[in-house]
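This document opens with one chain alone, in structure tokens, the form predicted alone.
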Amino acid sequence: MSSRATSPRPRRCHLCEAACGLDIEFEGDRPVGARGRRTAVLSAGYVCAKGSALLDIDADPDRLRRPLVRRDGELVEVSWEEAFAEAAARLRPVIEEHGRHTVAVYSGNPGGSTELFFKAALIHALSTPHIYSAASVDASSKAFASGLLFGVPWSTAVPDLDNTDHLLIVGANPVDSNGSLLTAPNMAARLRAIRASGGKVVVLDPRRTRTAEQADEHHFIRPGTDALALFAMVHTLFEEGLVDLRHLDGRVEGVAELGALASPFTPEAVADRCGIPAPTLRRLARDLAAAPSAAVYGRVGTSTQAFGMLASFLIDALNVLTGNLDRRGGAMFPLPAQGSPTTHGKPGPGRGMRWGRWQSRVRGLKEFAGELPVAALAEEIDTPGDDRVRAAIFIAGNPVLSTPNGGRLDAALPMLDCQISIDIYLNETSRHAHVVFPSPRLLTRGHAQGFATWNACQNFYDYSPPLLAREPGELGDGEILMRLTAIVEGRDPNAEDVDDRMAAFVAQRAAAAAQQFGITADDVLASLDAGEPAEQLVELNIRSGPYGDRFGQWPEGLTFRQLREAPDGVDLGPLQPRVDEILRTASGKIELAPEPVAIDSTRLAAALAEPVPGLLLFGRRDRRSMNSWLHNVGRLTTESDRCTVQLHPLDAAEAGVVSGQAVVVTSRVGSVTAPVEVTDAVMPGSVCVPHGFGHGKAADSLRVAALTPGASANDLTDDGVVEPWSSVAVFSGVPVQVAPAT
């Protein structure tokens, strides 16, 4: 191997939605470092600590490199052939005896591989109702609200950050998270730019976050009460005659009806409950209406509460009522190159959003966007019955730490007859598996910007080809998924036809693309530049997407070859007005008073009349963390224990505790012990515990994380309490008690 340093090779970071451009430094054929790529579209050289540590994940000695099979109660390394044979020996009897509907599939957040497109083949083969993902942990309520407003789930609007004069951020900390449902690298600089140009940034949050520190104003708000504050602002707009639809006039239905729904929620009525004075709530509404342009943005804090759908809905309702939806400087709809729910189908009057096509067995929780809520997973395993879940496949996910009442799921997983995990670590979830397949090294995977471009503050696209070849025998995610599909279909997973099966899947997608443009599937396949099946799927999406060349029918359009020759990505221009393209509601208009919103408004009014609860739990982000899966990277865990219970001095005095003391936090479903951090950065009456910790359960396999394991906040969250429409679990506003640990 040569030790001569080579030129840096471009790569896109896929650890979070920010999708920052990287330069991977090589010495010969060995990657030795990662830094921000200055010429990258969108990120322009910015990269956070996580992206800089990208190579450490593959170098981690605890990272899985060979398949594992459970023998005599222990997971031991075996060959790939043995692992697939064991998977077949366990999964097929479940399917044959109990049916495919007793198999569950769960997908987590780390989706940095084009080969995960092949997950669709596995799900199609299973035809099971038990499809789960991390979306129902933190985002489905937002998608549900967008579907009610615009007709299709995931038709989310994002703030036009680079042009807005006024940005109101509710329950989000994008400086630390790098954006969620908002692809916008270097949020701190973007917020500074808004203020430097004379604009204003306002944050509503139970905690003085790093985002709040960048703002002109920060107002504490009691966890779980965002819908009350937002409704009070809507009320003010109507009461003071500040509603101005501007260019949306004639495109909106239910304006007066929403005003009527807002009538009980005067600022004076909600002020004590949400913790924001009535005059402040009125001024916040007036400032929105008076700004030359404005955008309201909310995320996990607003989505993961008892009124998460309603809070998410009201955020966009404020954008509509002030005439700031779908215009420069407001909240706009990206046009993603790979296509999205806003680019498929015919716009205008339609059937509107559909949900509830099937229900969970135990509680009857409804399907949404093709999935059941993960809050139902543990009970679907541990509740007796002929149709209970008996096998589960986990793809890049750790739901024991990331889903509600994780302790119950931790206890339920050993009840499975078959658990298969695809992961890079033996974590708190995969440690229960009968078979574990190691996902390939990061730089051996191609990476396409998919979901990130649905929510980007600027239209862009890029593709990162693999930078390293796989080791002999090392399988990619696509090959693993297709071999599991073979098991489901009753075929030999170790047969030599896996490449043929992947090619057949590509051909199916090619036929669908060909039908769209009135050409033959053979013509589509013959025109593809990409070589690997996973790349071919990317190419099919790009060339049939809104910018694509339509397989030669529009020569000026985007091709896969152009992407491969653009190491910085392709700038597809600023966000443009396109509301008429995205509407798929029954009326063909933006619907401001659909039935679920009317029902939830009544429920919210009833909740307002109830006594104010005591201490309320909410979560927090850490800039060096990504849910649970980066806590074993030494470079990102050099700080002191980050899993502390943050408590306001008044509440600490009431509980009789001081900083550094161990405390017990207890909810209806469980308790955790962690050191307390007394700080006025959190609102009185609230308890803040970070998400994703609790690594004591996998201390032997996550040795760095085990040094500061922390406690799992999701041992406190209640899987029995969900937002009633999307069934997202309630993480913010959970009643808890705090006491000294004995």
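This structure is a prediction, so every number in the text was calculated from the model and none was measured. The first residue of the shown sequence is 1; numbering continues from there.
The following text describes the form predicted together with a small molecule, which does not appear among the structures shown.
Checked against the small molecule in the predicted bound form, the residues F333, Y132, Y461, F618 give one hit for a heavy atom within 4.5 Å, which is F618. D205 is the sole member of D205, E115, E539, D326 with a non-hydrogen atom within 4.5 Å of the small molecule in the predicted bound form.
Only one of 172-180, 526-534, 512-520, 150-158 lies within 4.5 Å of the small molecule in the predicted bound form by heavy atoms, and it is 172-180. Among residues of the shown chain, N627 is one whose heavy atoms approach the small molecule to within 4.5 Å in the predicted bound form. Under a 4.5 angstroms non-hydrogen atom cutoff, the small molecule in the predicted bound form lacks L583 among its neighbouring residues. Proximity of G108 to the small molecule in the predicted bound form: non-hydrogen atoms within 4.5 Å are present. At the 4.5 Å threshold, heavy atoms of E380 stay clear of the small molecule in the predicted bound form, well away from it.
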